[in-house]
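Here we start with a single chain on its own, the form predicted alone, put down as C-alpha cells.
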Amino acid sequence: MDATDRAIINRLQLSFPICERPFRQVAAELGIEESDLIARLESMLARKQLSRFGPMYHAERLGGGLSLCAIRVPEADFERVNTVVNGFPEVAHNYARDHEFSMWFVLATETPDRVDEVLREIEQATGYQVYNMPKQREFFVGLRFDL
C-alpha cells in the first residue's frame, strides 16, 4: 500500500459525495484520475487490503433488524464455521476474538422478525448455538483509522 492508497482510504472514511460522478470528485481532491482511483480500490479489494467498499445502512431506520451475535467455536472448527457464517448475506461483518465466545458478527436483516430466522439457520448450518445480543441503546462513535 503506497501513500496514494493510504490517502484514498483516509479520504473515503470521511464521506462519499452524493453527486453524478462521486469517484471523479474524490479523485480530483486527491490529485489523481478517476480511473486510477477506481482501479486502486479494486486492487485493494482483490488483495484483501480492504474487506469491502460500500455504504453503511442503518437497517433499523429502513425497517430492518440489527443485532450483535456471538458463537463459541472451537479453534479446530473456526475456519469451517467462519465460511458458513460469512455465506449468509445478512452477516454484515464477522471477526474472531481471543475469548470463550470466539466468533462475533453483526446481523442486518430486511425485517426485525428475520433476525431470529437467520440465527436459527446459522445454528442449523454450523451446529453451534448463536447468542443474540440486540442493541438496547445506540451510541455513535466516529471511528476512523488514519493510515
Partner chain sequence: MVLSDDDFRLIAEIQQGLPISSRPYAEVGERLGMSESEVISRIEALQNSGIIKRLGIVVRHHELGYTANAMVVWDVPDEQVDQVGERLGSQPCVTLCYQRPRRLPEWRYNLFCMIHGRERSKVLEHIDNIIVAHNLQHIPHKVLFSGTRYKQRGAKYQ
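As the structure is a prediction and not an experimental result, all values here were calculated from the model. Rigid core here is just the name for the largest C-alpha set that superposes within 1.5 Å across the two forms. Numbering follows the first chain given and starts at 1.
Another form exists, predicted in complex with its partner chain; not displayed. Remarks below refer to it.
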Classify Leu50 as contacting or not contacting its partner chain in the model of the complex by the rule of any non-hydrogen atom within 4.5 angstroms, answering yes or no. yes
With the partner left out here, check for me: in the model of the complex, does some heavy atom of Gly127 sit within 4.5 Å of its partner chain? no
Contact label in the model of the complex: Arg97 to its partner chain, heavy atom within 4.5 Å: yes
is_contact(Leu147, its partner chain) in the model of the complex, heavy atom dist at most 4.5 Å: yes
Residue by residue through 91 to 115, tell me which have a non-hydrogen atom within 4.5 angstroms of its partner chain in the model of the complex. Val91, Ala92, His93, Asn94, Tyr95, Ala96, Arg97, Asp98, His99, Phe101, Trp104, Ala108, Glu110
Quick one: once the rigid core is lined up, does Met133 have its C-alpha move by 2 Å or more between the shown form and the other one? no
Against the rigid core, is the Cα displacement of Ile38 between the shown form and the other one at least 2 Å? yes
Would the C-alpha of Cys69 be classed as shifted by 2 Å or more between the shown form and the other one after rigid-core alignment? no
